[in-house]
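In the block that follows, a single chain appears as C-alpha cells, in the form predicted on its own.
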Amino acid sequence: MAGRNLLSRMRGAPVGQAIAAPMRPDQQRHALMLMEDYERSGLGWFWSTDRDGLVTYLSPWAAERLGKSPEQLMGAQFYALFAPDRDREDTAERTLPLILSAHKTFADRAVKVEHGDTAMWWAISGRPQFDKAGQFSGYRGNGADVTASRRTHLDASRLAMYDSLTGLANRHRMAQRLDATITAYRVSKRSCAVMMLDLDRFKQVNDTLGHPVGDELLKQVAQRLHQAIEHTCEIGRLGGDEFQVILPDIDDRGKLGDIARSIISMISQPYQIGGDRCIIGASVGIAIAPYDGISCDEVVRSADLALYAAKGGGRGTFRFYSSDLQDAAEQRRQLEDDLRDALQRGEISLAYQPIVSAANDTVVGLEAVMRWSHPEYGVLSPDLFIPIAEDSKLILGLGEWAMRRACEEVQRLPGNLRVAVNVSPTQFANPGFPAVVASVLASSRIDPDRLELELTESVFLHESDSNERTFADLKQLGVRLALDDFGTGYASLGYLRKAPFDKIKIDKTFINGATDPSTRNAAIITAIVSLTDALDLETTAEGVEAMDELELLRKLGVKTIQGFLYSPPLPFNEISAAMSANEWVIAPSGPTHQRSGRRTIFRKVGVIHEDFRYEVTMRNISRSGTMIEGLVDIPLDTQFVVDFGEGQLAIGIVRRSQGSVQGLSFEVPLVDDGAGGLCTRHRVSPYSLAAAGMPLAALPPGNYPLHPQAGGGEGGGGAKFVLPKFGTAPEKSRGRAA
C-alpha cells in the first residue's frame, strides 16, 4: 500500500486519506529511494513545471533519452521536448500546449520523442498544482515508455491501410483519401485527377516465371512509380496488377499526358529479377474531377472506362475519359460477340499492301492485312478488331486462317513475290505454332522462303527457352522472320543479336516528321539502318506518305518502302491483275511534303462569337488550328470560341477565309488525347457553368453559352451573328449560316 500511495502522491492523484498524513524523515528517505529505483528501472519517470510551463524537474532517465542532462533541461518549455507525431491521423485532437494552458488534469497523453535517428513514444500524465491562495503554480506528473505498444498499433494500422507487398496505400486507404479530397475540393472548386494503371502481360510473367518473381516485379513497379510521380500525389495498389494515382490540383491534360507517358515508359523498361529478365507494359486511364464526375465513385468509374479503352486500343498507351467511352465499351462487347462467327459467315477477307524496292519502285513483296466487313458497321480496320481478337483468344483461329489464305492466294500469282503475315504474341506463345506454320506450308505448297512472319517486339516479354525453341523451329522450316514496329516496344539490342530475324521494319512514327529538322527521327532512322547493315538484315520503312520522306529514306539507305505513297492495301483480284505482266512497277504519287499532324475529320462543332453560338462542320484539325465550314463573309482576324463539347473550349482566330470555309489558328495549341486524336489542354469547369446558371447534374455534352442571359441560338435558327467590329452597320454585317 505504501508503494501505491507513493506513486499516487507523485502523480498527484489521491488514493486514500493515508497519503495526506505527513511522512517521517525515515519514510521520506525510503520514498526517495523507491522513486530513484523506479526511475532507474525505466518503467516510468517524473516531471514538474512552474506556472509558465518551464521544466523544474525531469527524471535523469527521461533526460538521457532526450540526449541531455537534467540540468540542461531546466527552464525549457515542457511541451517543446516532444516532436510532432506525423503518424497520427487524429489531427483534430487537442495539442499538448492547449491542454497545459487549460490547467486541467490529463492522463496517458501520447507524445513522440526524437533523438538522432531514434524515435520513441511516451505516455504522460499530469495534474495541476495550486498554492494556498488557489493560484496555479505548475504541473507535476509522470510518464512511461509505450514505444513497443505504439509500434504494434502503428503496424496494425498500417496493415489495414497499406499494401504489405509494395508498401503503397491499399484500396481502402485510396478510397478514403480520394473521397475526402474530392469532397473538400468540391467546396473549394478545385480539380483532382485520377489515374488507373494496369500492367500489360503481367499475368503471363506470373504464370511462366512463378509468383515469387511476380511479387518482386510488383515491388519494382512500385519503386518506379515513386520515381515517375510527384511526391504530392498518392500512389496505391488496388490489388493484383492494378494501381491507382491521385493527383490533386492537376487538370492540365498536356501535363497529365506527359506523366502518363513517363509512367508507361518507365514501367516498360526491362526488369532483372534473379536470373530472369522480363519486360511488361502498362496502360493508363485518366479522369478528372469535376469534369468527369463530381463524386469519388463517378470519377473512379470514368477512369476505369478510360483504362478499358486504353487496353482495347492496343495497350501501352493512355486514354482520357470522354462521354462516348460508355458507348464504345458496349460496342466493343458487341463486336466480340459478332467476331466469334465472322469467319463462318464469310465476313473476314484479306487485302494486300505492296512492298516496293526503294531503288527502282518495283514491287518485291506484299503484306496481308485482314479486313472485316461487318453487316452493321461496314468495313472495319484490323486496328479495331485485332485487339478484341487477342483478348478473347479468337486470334488463334483468325491468325491461322489468314496465313493459309495468304499463302494459297500468293502461290497463284506469277513470279516469286513474298507475302508477309502478321503474327500476334498470343500465336507465337502457343507451343503448337511451328506445327501450324508447317501445315500451312504443306497445304499451300508455297516455297517457305516466300512466307515472311511479322512479329512485334512484345514477343520479347521475357527471355525463355520456349521463345528460343520457337525461333529455331521456324527457321528450320525455312520461313523468313521480320521484326515489326521496331523501336516502339520491348526489344533489347542484346536479344535482337540472338534472334534470327531477316528484316527490321521501321515504324511509321519515326517516318512521320523525319524531314523536320526539329525532330531526331532522321538520326534514329540512320542508326537503325546502320544496325541492320551490321547485322546483315533488310529494312522496310512503313507508313511513307510524302515525296520528301521517300527522298530522305532513299538517301539514308532504306531498302524497301511501304505506304500510301505507293499504294493502299488492295483486294486480291486487283493484285492479280496488276501482276499479270510478271513485274509490277508503281510510280510514287503523293504530296511533296508531309503536313505533319493535320487530321481529316468531318464532325459538327460549335463556334461562339459575342453572345451567340453556331453549329459548323470541322473539316480537319491539327495542334495549331482547324478548318471549319458553315459560315460566310467572315473577315480575317475574327476571334471565335470553338466548342468541341464536354467543356472543351478553344480560342481560334480566322487566318484564312474563302466563301464558307475558314482556317482558324488556336491561341493555345491542342494536346494529344492518347487515342491518336487531340483535345484542349484545359476544360471549362462544370462549377463555372453551374455558376452561370447551368445545373451540375444535367450538363449537356456541349453547347456552353458564354452569356446565357443573351439567349444565343443555333446557326440557322434565327439568331443573329453580330460582328459590330466589321466597321459597318450591325444590320448589314450579320454573318449568314451556309
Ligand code: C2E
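In this text, all values refer to a predicted model and were calculated from it rather than measured experimentally. All residue numbers are counted from 1 along the displayed sequence.
Below, we refer to the form predicted in complex with this ligand, which is not included among the displayed structures.
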Heavy atom of residue 377 within 4.5 Å of this ligand in the predicted bound form = no
request  = Determine whether any heavy atom of residue 509 comes within 4.5 Å of a heavy atom of this ligand in the predicted bound form, and answer yes or no.
outcome  = no
inquiry  = My question is simply whether residue 381 lines the interface with this ligand in the predicted bound form - judged by any non-hydrogen atom within 4.5 Å.
reply    = yes
ask   = How about residue 423: is it within 4.5 Å of this ligand in the predicted bound form, going by heavy atoms?
value = yes
note = Exactly one of 544, 504, 607, 355 comes within 4.5 Å of this ligand in the predicted bound form through a heavy atom, and that residue is 544
request  = Find the only residue in 367, 643, 292, 200 having a heavy atom within 4.5 Å of this ligand in the predicted bound form.
outcome  = 367
query = Are all three residues 402, 484 and 569 in contact with this ligand in the predicted bound form, where contact means a non-hydrogen atom within 4.5 Å?
reply = yes
query = Residues in which of 394 to 402, 437 to 445, 584 to 592, 526 to 534 have heavy atoms within 4.5 Å of this ligand in the predicted bound form?
reply = 394 to 402
ask   = Along 283 to 307, which positions have a non-hydrogen atom within 4.5 Å of this ligand in the predicted bound form?
value = none
